Structures are given as structure tokens and as C-alpha cells.
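Okay, so we've got a single protein chain in two different forms coming up as C-alpha cells, structure 1 first and structure 2 after it.
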Structure 1
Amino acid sequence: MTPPTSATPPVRLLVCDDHIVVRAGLLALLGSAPDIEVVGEAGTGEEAIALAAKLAPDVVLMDLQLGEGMDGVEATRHITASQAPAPAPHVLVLTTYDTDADITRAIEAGATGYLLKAERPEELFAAIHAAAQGRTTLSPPVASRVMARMRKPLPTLTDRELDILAQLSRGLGNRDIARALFISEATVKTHLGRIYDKLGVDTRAGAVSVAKEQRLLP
């Protein structure tokens, strides 16, 4: 009589990356892990959503930048919100991007983990297994940024400062901002000075860049 086995089934994985060569490399790498089974691959966010619903993987390995169409964050949001016909799979982000904005958007969309492509294969394998169990894994640089963000609260801008910042992001000059908001140019300059101080910048481009990274703009 064959003795019963206690081996756990392999993690069913769906890979989503728009670069064919990168995706092929990932498939070859993951094929060397006996406890991970790649059940499908996608090159777009739309494909990932459809295959996740069809194949019901345990984990979706998701890139953030997917070329034209839906990006990885939006695809993650759709996948993690799914409830039928099976519980939604966990999403593990695998990307080269580690900005505060990218990390925040991915986590808010429901990503279980956030890994950088520079990680070693064994770290990737471990993160996939952790994601399958619903445990969070963050690459060390990502974890450091998350901790730094928690220690340093976001600057608080007034409604008027946010209005001016929004106009600034459109590329408007002081005169056009003043006309759009029905205020004087001197008032615009005063508010800009306060915005620069709060964001720790000294240029218009710097203010817009920081505002986008910290998600101060809609």
C-alpha cells in the first residue's frame, strides 16, 4: 500500500509582464522551482484580469508598467476586488520602480507584496509562497521607503494652495493662474512661496514632481 503523502500542492502562479523576453526569462526561472506551477502568462492588464478569473491562480506576479492600456496597479485593483467564482488571488508586484507613489498606489490597490526585479531568485520564490499564504513581503529598499513615509507625515496644504498647485501642474504661469482663480499675481506668488517651503523645493517643476509623488494632486 502506498503511504499517504503530506506534500503540499505547488503554488499556482499567473505571470503578467509586457516584455516578452523578460516574461520568458521569468518562466524559465520559475520552471526550476518544483513547488511553483505557472498556469498562465499575460502581456497586458486586461489579459491578466481575464486569465485570473479563468484560471483562479493562487498568486498573480504583476509588473506595474504594461505599455499601452491598463497599468499593473489598475489590473491589481480589479483582480483583488474579484469574488467569483473563487476567492480573489493574491497579487505580488514585481517591478523596477520603487518610488513612493508607485508603492503607495500598488498597496492601496490591494497588492500583497512588492518586490524589485533586482532581488535574488530565492527571494522571489520565498515571496511567491508568502503571497500565496496572504503574508506581505517587501524588498528591503521598499520597506525602507515605507518606514520613512510613516515617520514623515505628508505636508498639509490649504485648499487654495492645492488649487494653485493643480494649475501649476497644467503648466500655467502666474498670470494665467491668477486669472483662473480670480486672484492677484502677488497672491499667487505668496502662495507659491508657502508651497515651496512646505514641499521642500525651490522650483515649479520640483513642486509638481513632489506633489505627484506624494499624491497631493488628483
Structure 2
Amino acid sequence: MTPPTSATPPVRLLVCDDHIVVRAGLLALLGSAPDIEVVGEAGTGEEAIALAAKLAPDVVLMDLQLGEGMDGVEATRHITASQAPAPAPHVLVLTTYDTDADITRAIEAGATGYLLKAERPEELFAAIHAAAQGRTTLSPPVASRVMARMRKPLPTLTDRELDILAQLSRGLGNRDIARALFISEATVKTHLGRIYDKLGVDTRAGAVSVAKEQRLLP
């Protein structure tokens, strides 16, 4: 594959994961790769953005699940959008989830690659180097989903429909949803009908269930 080019400087990497144990594990693991240099670590999205700007790494290894504050997608958006002096770092997503919603959001946010934590470490090393050069790496299951997505564009819920869904998952009735969103009850029903269609269900309980599984809701 990639011959060990001792002439090439190591990839400068920033690791972002909210689980300290996992982060420490990644650091220990990546320490064994000679051509990767971890220049910083972050436990929150805010930290990641700040450190990315300060350290100007080649690649940011980003988890999507970041506990309390901003999530990995938002952090990715900020980092890739930065028109700082140095070119914006490439963001390589490393996460547990491979749902359509997560993948789509990460790609839209500007992620260069999308790896699953179930991946083999060698793949991770390779993906980091690929990302440093702006090349995309996708874990097989992720690639499959992306392809399937291209072929049969899955129903995408609109922002408004997500609003409805959020209220629905609170257990509100149509009347209360209408009040919460300052629209009429009739409109709520219309939206719900479309949501049912898109999610392939025909009851509100089913809609909430699918929504939670697809991670469409926070």
C-alpha cells in the first residue's frame, strides 16, 4: 500500500472524543504509528474548534457523540468552514453509529471521511493518512448506505416535520403541538400524515419509535 516514506513529515492529528478512557486509548494506540503525531486532544466540540484554530492540525479525528454541549456535526461544520490563515483541517469522523441521519449530516457538515469504531486499527491509520491528503475513506457499512441512498433517495424529513416530531415525542396531542408551534391543528395533521408516509408507519407511537431508532431526534 503506502510505502513508509521517511521523508514525509508525520500527520499532525487532533483527537476529539468525550470519553476520556476512549481518548486515552486512542492516544496510546496512535502512539504506535510512527507517521502520526497527536498534537492535541479535546473532550468537547468547543475545545475541538479552539484547538483546531490554535494548532492547525492536518486532520481532526472527531466523534459525533459529544455529551453535553455541541455535537460532533456542529463542531465539524465550524472547523471545515474556518477560513483561517492556514487551510481548514480535514475532519475524519470516528463514531459508533451508522444511521442514515448521522452519515448525511456529517457529510453535509464537510467531513472528509466516516469511519466506524468497529473498524480495524490499520484502517484507522490508513484513513488518517488519506484524510490528510483530502482523500475520502468510508467504512464498508457506511459506503453501502451512501450508495443505497443515491439509488433510492430515502425520505428526508423537512425541518418543520422534525419540529412536529419533536413535540410528538413529548407525548403531546395534536392540539398541544399546534399551540407549541403556533399553527393550527389541521396543519399538524397534515404534517403528521406526511411523516407517517416518509417513515413508513401509520401511528404516532410508531413514528416516535422509528424516529428514535434513526436518531432523528436529540
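For clarity, a rigid core is taken as the largest C-alpha set superposing within 1.5 Å between two forms. All residue numbers here follow the sequence of structure 1, with the first residue given the number 1. Just so we're clear, the structure is a prediction, and the values are computed from it rather than from any experiment.
Novice: Of structures 1 and 2, which is the form predicted alone?
Specialist: Answer 1, the form predicted alone.
Novice: Superposing on the rigid core, do we see a C-alpha displacement of 2 Å or more at L26 between the two structures?
Specialist: The answer is no; the displacement is under 2 Å.
Novice: For L199, is the CA shift between the two structures at least 2 Å following rigid-core superposition?
Specialist: The answer is yes; the displacement is at least 2 Å.
Novice: Is the shift of V15 between the two structures large enough to count as movement, that is, does its C-alpha move by 2 Å or more after the core is superposed?
Specialist: No, the C-alpha moves less than 2 Å.
Novice: Can you give me the Cα shift for G171 between the two structures? Core-superposed, in angstrom, one decimal please.
Specialist: Core-aligned C-alpha shift comes out at 4.5 Å.
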